[in-house]
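Here we start with a single chain on its own, the form predicted on its own, put down as structure tokens.
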């Protein structure tokens, strides 16, 4: 998947001090380890079709564009928070350049690995 290879190269240039080792490329996923302990799994099929899942300690969260939650303001993209709630996506925009969405998410995860400060209680 050449998009993942291009995204990995872009992220390694943009965040050299924030990465905890080289970005791993697997058959269908790109794995990004951040210096703050976050492990981010990136599955990007197209600018409007992606799944971004991450772990920080025992907490797991994610953002994806599966068109399942029509009632959310950010449909189709949505955020699965560490508590298991599905809420509006506070970070990404479907259709935006993948490298822009990933850069924005990585900045947000470096500030707050659960994105809890970006979501209403």
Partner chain sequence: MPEFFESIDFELATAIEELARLSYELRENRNAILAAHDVADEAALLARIEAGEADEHPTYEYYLAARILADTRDAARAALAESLQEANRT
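Note that this is a predicted model, so its numbers are computed, not measured. Positions refer to the first chain, counted from 1.
The same protein also has a form predicted in complex with its partner chain, omitted here; what follows describes it.
**Q** Out of 31, 83, 68, 88, which one falls within 4.5 Å of its partner chain in the predicted bound form, going by heavy atoms?
**A** Looking at the other structure, the residue within range turns out to be 68.
**Q** Tell me, yes or no, whether residue 55 is in contact with its partner chain in the predicted bound form, where a contact means a heavy atom of each within 4.5 Å.
**A** Heavy-atom contact with its partner chain at 4.5 Å: absent for residue 55.
**Q** Taking the shortest heavy atom distance, is residue 46 within 4.5 Å of its partner chain in the predicted bound form?
**A** Judged by the heavy-atom cut-off of 4.5 Å, residue 46 is in contact with its partner chain in the predicted bound form.
**Q** Hey, in the predicted bound form, does residue 36 get a heavy atom within 4.5 angstroms of its partner chain?
**A** Residue-level check for residue 36: no, no contact with its partner chain.
**Q** Can any non-hydrogen atom of residue 93 be found within 4.5 angstroms of its partner chain in the predicted bound form?
**A** No - in the predicted bound form, heavy atoms of residue 93 and its partner chain never come within 4.5 Å of each other.
**Q** Out of 4 to 31, which residues reach within 4.5 Å of its partner chain in the predicted bound form, heavy atoms considered?
**A** Going through 4 to 31 in order - heavy atoms within 4.5 Å of its partner chain in the predicted bound form - the hits are 4, 27, 28.
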